[in-house]
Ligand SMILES: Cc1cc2nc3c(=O)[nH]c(=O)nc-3n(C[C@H](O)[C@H](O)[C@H](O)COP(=O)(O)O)c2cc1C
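Shown here is one chain on its own, the form predicted alone, set out as C-alpha cells.
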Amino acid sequence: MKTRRDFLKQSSMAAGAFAMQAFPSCIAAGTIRAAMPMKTRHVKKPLVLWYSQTGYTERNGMLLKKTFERLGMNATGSDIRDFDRAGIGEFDLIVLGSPVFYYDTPRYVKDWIQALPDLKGIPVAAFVTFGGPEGNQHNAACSILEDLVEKQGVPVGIQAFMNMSSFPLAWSKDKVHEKTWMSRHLPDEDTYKSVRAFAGYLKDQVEKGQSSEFSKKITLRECSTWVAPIFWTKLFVKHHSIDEQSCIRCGACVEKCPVNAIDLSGFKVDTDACVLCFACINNCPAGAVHMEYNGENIIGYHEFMKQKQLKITEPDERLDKEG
C-alpha cells in the first residue's frame, strides 16, 4: 500500500517531467537597472561581503578583498553574519557573494539584504559560487543584485565562479554524480584569475560612472524555484539527527545553521525549521550529524574530500580570514 510520502514523491517526479516538456528553455525576464545616480566615481573603501557554508564563497570573497588592496584601496571583508549593517553607508562599493542553493540565492541572504538601510546610490555588485554547470547561477546572482538595487544601490556587475559541488546529495557511498566528478579540480588558478579580473572590472566601472543592466532568464531551473524545492527534497530525507556519542561539542553546526535549527544541549535538529542547506553535516569535524536521503546514509563535504583524497587549490595570495 502506498503511503502519502510515496504519493508525494511520485507526484514531484511527474511534475518535474512535465516541466521539462512544457516550458521553453530560456525566456528573458524583467531588467535590473539603477533607479538613481551613482554616489561616487572613486573607489577608496570597497566592502566585500559573503555568506559561505563550506568555504568556496569565503575564499573568493577574501581574494576579491586582497585584490582591491593590491589596487591601492582600503578594503574590508566579512561574512554577513559578522557584519554590522548599520555601518554599510561608510563604503563606496559593496560586493556581496553567496553560494547557489536549490538554483537560487538562499533565503537567509535575501532577508539580510532586505534589512539593510538605504544605500543611497552606492555602487553594488554580486557574485555567486556554484557547484555544477547548470546551477541557474546567472539568475541567483541577479537575485542578489536585484535586492541590493531595491535598497537604492547602483548595479555595476555580476559574476559566477564554479567549483566542485558541496551538495551532499550529489554523492553516495559508491558513486559520485558525473557532473560533480568532472568539476573536482575546481576552483583552479583560472578561477582565481577570474576573481581578480572581476575586482579590476568593478573598479573601472565605478571610475567611469558606468552602471549596468541585467535581466533574469526564465529557465527550467528558475521555474523549479517556484515550487518549493526544499519541501520536495525533504520528502526523501529521514533521520536527520546528532549522535550524542560522536559529537565533540565544537559548535560548528550551530554557527553555520542559518535558521537556528540545531539544539546541542539536547542533541536535536528542528527538521521543520531546517532549510536543508547541509551546513551541519558538511562542517561537522566528527561526522556526528546523521542523515539519510532516499534510504542512503549521507556524508559531509569535508569527509567526502578526505575519502576521495581531493584537495582545494589555493590562490597564490595569503588569504587571512576576517572576523
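On a predicted model such as this, the values are computed, not experimentally measured, just so you know. When you see a residue number, it is the position in the sequence shown, counting from 1.
We do not show the form predicted together with the ligand, though everything after this point is about it.
message: Using a 4.5 Å heavy atom cut-off, which of 266 to 274, 45 to 53, 61 to 69, 291 to 299 contacts the ligand in the predicted complex?
response: Going by heavy atoms within 4.5 Å, the stretch is 45 to 53.
field: Heavy atom distance at most 4.5 Å to the ligand in the predicted complex, all of G131, G135 and S166
entry: Yes.
query: Considering the ligand in the predicted complex, which of I113, V100, L202, I122 comes within 4.5 Å of it through any heavy atom?
result: Here the answer is residue option V100.
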